[in-house]
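Before any questions on binding or motion, here is one chain by itself as structure tokens, the form predicted alone.
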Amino acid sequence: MDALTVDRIQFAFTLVFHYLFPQLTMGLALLIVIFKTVALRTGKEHYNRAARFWARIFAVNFAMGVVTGIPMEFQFGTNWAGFSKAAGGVLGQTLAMEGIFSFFLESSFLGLFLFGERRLGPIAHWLSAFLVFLGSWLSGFFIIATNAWMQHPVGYQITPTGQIDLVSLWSLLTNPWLRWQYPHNMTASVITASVVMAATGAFYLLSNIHLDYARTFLRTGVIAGAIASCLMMYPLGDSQGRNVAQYQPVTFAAMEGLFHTERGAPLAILGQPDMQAQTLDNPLIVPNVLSFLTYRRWKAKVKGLDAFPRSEWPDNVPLLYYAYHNMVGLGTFFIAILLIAALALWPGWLYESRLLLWALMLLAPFPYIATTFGWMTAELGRQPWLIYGLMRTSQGASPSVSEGNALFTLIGFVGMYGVLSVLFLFLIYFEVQRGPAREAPFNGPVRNPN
């Protein structure tokens, strides 16, 4: 391997590991606000305790996200100096705004939420939960705005020295790519949090402990997850796919395994890309559907990979194709499981069905896998560009960092993150075993404690 390949593997590894944590906290922030709102409206301490339990899970994930996020930003200067030098004037805007406006908002009010309930009172404590949610989702906005600019650069100019300068912050923050990528990403985080919450409730029911909270977690997680999963398919997933077709048509062709331009292009459900023959082996296709989904016309022309120079194709078409199809397949699976579970909620069958409870509990890791496939689709699809149409990935690496240096730090990250994983799993295990009910009673101002 050369230094560029190791740099890419290192950033991919640190990114995937880091994003295991924010995707849960961003979704949990919304669900915690829901619990606090119900507690405020009903006066039931049950929902306050549920919110405090998930706030502890939130805090552990938040801390891990901070620890693993800092090395990623340092890599811009160490491994990707060419990229930072050329585009730092653009990306520095959103990254600075994320740190100043959203990170400090989220972290400050998280402290108030965790430790200030007795002093704040019900309304102020609800407000602290809402501001944690606001800071979390603002943080996601600025980070996604950064990535959206790399996918579809807008509002810039290139100076005679090759620098990329930002000329319109408004264009950056209203990027048409961002319009669908942001809600797509945040809805995925709600799915992750909802499934984790439902899985925890299922675990408690199967273990016959914390039964009241188990039903609350199960009900909230299933309903929120079912709604978010359906929204993820339509309109969010559909619109993001059309976004890619409009602004990155070569990426779209690779994602769909469409090697040849066609009118009435079929949708490939299954198949294995054969790069030499430029076809799909063993395909399972639905005629004309890709044309309709993309352009709302059954016989619309969809460009295949043959419409673009080979140098513009994504670096690894098969991996991109599999990542995209696995993401879509898992998303469809979530809809099926969560809708069945939601239907079983109404007559109360879900609480007694060991089969569905086991299915929900074992579903917990799969939103993380689906989200990882989603980010692989986005990043592999942009290749061979670091900034789409402006800077090749090979131009962004640090020329003075050798393969050996990059490999040494990669091994270090693997070892360090392995230790952090053990610590994280221990802390989560401790909190789940402790449960929401095993805490000192709160004697605050509630109207009707449960």
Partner chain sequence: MVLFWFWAVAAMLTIYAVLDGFDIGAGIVHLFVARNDTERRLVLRSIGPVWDGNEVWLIAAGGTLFMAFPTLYASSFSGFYLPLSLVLWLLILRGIAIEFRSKIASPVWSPFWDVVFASASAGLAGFYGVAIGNVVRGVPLDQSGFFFLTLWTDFRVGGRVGILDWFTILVGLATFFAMAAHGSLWVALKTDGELETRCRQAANLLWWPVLLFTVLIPIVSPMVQPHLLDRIAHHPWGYIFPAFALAGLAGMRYFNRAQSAIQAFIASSLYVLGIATSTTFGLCPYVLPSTIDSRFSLSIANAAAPPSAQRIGFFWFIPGIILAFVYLRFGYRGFAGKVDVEGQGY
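Residue numbers count along the first chain shown, from 1. Keep in mind the model is a prediction, meaning the values are calculated, not measured.
We do not show the form predicted in complex with its partner chain, though everything after this point is about it.
- Residues within 4.5 angstroms of its partner chain in the predicted bound form, judged by any non-hydrogen atom, belong to 414-422 and to none of the other stretches in 414-422, 380-388, 35-43, 22-30.
- The listed set 233, 269, 362, 169 contains one residue whose heavy atoms approach its partner chain in the predicted bound form to within 4.5 Å, identified as 169.
- This chain is displayed alone, yet in the predicted bound form one of 316, 78, 353, 261 has a heavy atom within 4.5 Å of its partner chain; that residue is 78.
- Contact between residue 163 and its partner chain in the predicted bound form is found at the 4.5 Å heavy atom cutoff.
- Its partner chain is not drawn, but in the predicted bound form it has a heavy atom within 4.5 Å of residue 406.
- Not displayed here, its partner chain is approached by residue 118 to within 4.5 Å at the level of heavy atoms in the predicted bound form.
- Among heavy atoms of residue 93, some come within 4.5 Å of its partner chain in the predicted bound form.
- Heavy atoms of every residue among 84, 99 and 105 are located within 4.5 Å of its partner chain in the predicted bound form.
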